[in-house]
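Read on for two forms of one protein chain; each stands alone as structure tokens, with the labels structure 1 and structure 2.
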Structure 1
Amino acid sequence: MGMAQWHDRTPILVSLIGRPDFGPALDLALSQVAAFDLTCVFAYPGEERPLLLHDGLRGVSSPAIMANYLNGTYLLDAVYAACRRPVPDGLYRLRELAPDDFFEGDYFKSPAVHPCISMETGTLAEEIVFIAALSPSTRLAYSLMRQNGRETFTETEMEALRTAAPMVTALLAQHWRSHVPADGAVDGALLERAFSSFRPGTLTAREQTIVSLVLRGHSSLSIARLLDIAEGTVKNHRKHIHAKLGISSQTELFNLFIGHLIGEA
């Protein structure tokens, strides 16, 4: 069954946390426990679009299909639904996660939506997935797939993979934690407090509003639309802000703010 080999390899996986070859190494180590053909890791952060964190699809899924999936068809994915439900950390068969009629529906059969299932070379024998929580609202999904013509995973294999699951989910979370935007951190209370304690008195209320929007990543045009004023007005405000703070670029503004954040800590 290969559990001994699995235990032998886990220390190596731990040492590869945070390194670029972690994904391939995880594939390799798990292949000692049970055979599979394709893998991938997606993050489903909050209500945002998924991120492809690891691509073990061997080029079977075209870039166009992947782009489709990331742009919207993921909403129809049973794995996505499970991550939103959410389910506890562990190993799941796709058949368990999917509604009864899933495999009869348009999604599964469409050749243009799923990055893994619908490939030119045929259909999948089975997909199983490790699900790991990164935060209350973010889940990682590590899929193992068997291609057409092969058997489904036996219960013996599943049992061995289930034994490995606690380690797999812990590894997934540790390695990819820093690759996924933190839970609402960018508009969290911490950031709010940092904004309001940033140069109070020097800037007018309106200017503070504009600074906080700039720091959140908005362009002048985007700010103008948000506040329902002209783009030129926003640019003018930014000009005044720069003059007051004694800086001459957005970059310096970010630097001031980073210094402010660190100084507070």
Structure 2
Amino acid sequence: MGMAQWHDRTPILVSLIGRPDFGPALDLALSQVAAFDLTCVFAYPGEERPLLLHDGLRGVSSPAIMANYLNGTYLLDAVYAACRRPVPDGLYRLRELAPDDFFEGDYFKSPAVHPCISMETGTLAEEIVFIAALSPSTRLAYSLMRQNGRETFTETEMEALRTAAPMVTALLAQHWRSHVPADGAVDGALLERAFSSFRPGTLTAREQTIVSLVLRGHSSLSIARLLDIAEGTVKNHRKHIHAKLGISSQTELFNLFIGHLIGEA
């Protein structure tokens, strides 16, 4: 497997732009460069909910989990956050995009809310993602994933995929441009609104901010640096949040917020 096979297949991919078999053909072409188990392409159009444009997830989770993702749990996804910042077009390891505690958090580990995780296999070995801009407010994210029990992508594989990245992002944008609505108003505050509406009569605005950063995968130290406060102050805030909500763990906090997002609380 290698770049020669990729280059041989790129004219075929160009000819498939606009056709239904483009997504599977792109998966097959890139599998000649590096092996992977699962793929998906999401569009994140401004303040609108995401669109699942290509499903190469092989049914690892139920349709209900995907529906929950599209209806709100995507707000905790590090890929979504990277698209909203936004990061430049290119290929990224998820760990390059995620906060410092993201992989220890409940979102990444939970098959109940993460649409790429199976109840049987557990968390992913690694996810890498090509990000392509469709417009100033809309990004496409094309993820390649290796399931639990496999090795992460090697640096040699990543270098080969990075070589392919300019063509991949151009193909993504060209093929899916017509599938995504035109730009609408974007104020960048969708996630902030989701957290400001979480227990507003119980938590202060600062505590809601702490909750948002915790659930997006930031450690107390990272939160302290972002908010320019002492790490001990962050830990005290977290204790007060737990006390106010009548909970004793971050998992309980996560479950409360997920219920809030999908309309169960």
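Numbering runs along the sequence of structure 1, starting at 1. If you superpose the two forms and keep the largest set of C-alpha atoms that fall within 1.5 Å, you have the rigid core. From a predicted model like this one, the values you see are computed outputs, not experimental measurements.
Choose between structure 1 and structure 2: indicate the form predicted together with the DNA. Number 1 is right.
Core superposition between structure 1 and structure 2, C-alpha change of Leu256 at least 2 Å: Yes, because once the rigid core is superposed, the C-alpha of Leu256 moves 2 Å or more between structure 1 and structure 2.
Is Leu221 one of the residues whose Cα moves 2 Å or more between structure 1 and structure 2, with the core superposed? True for Leu221: a C-alpha shift of 2 Å or more.
With both forms fitted on the core, check whether the Cα of Gly246 differs by 2 Å or more between structure 1 and structure 2. Shift of 2 Å or more: yes.
Can you give the CA shift of Gln208 between structure 1 and structure 2, in Å, with the two forms fit on their core? Here Gln208 registers a C-alpha shift of 42.6 Å.
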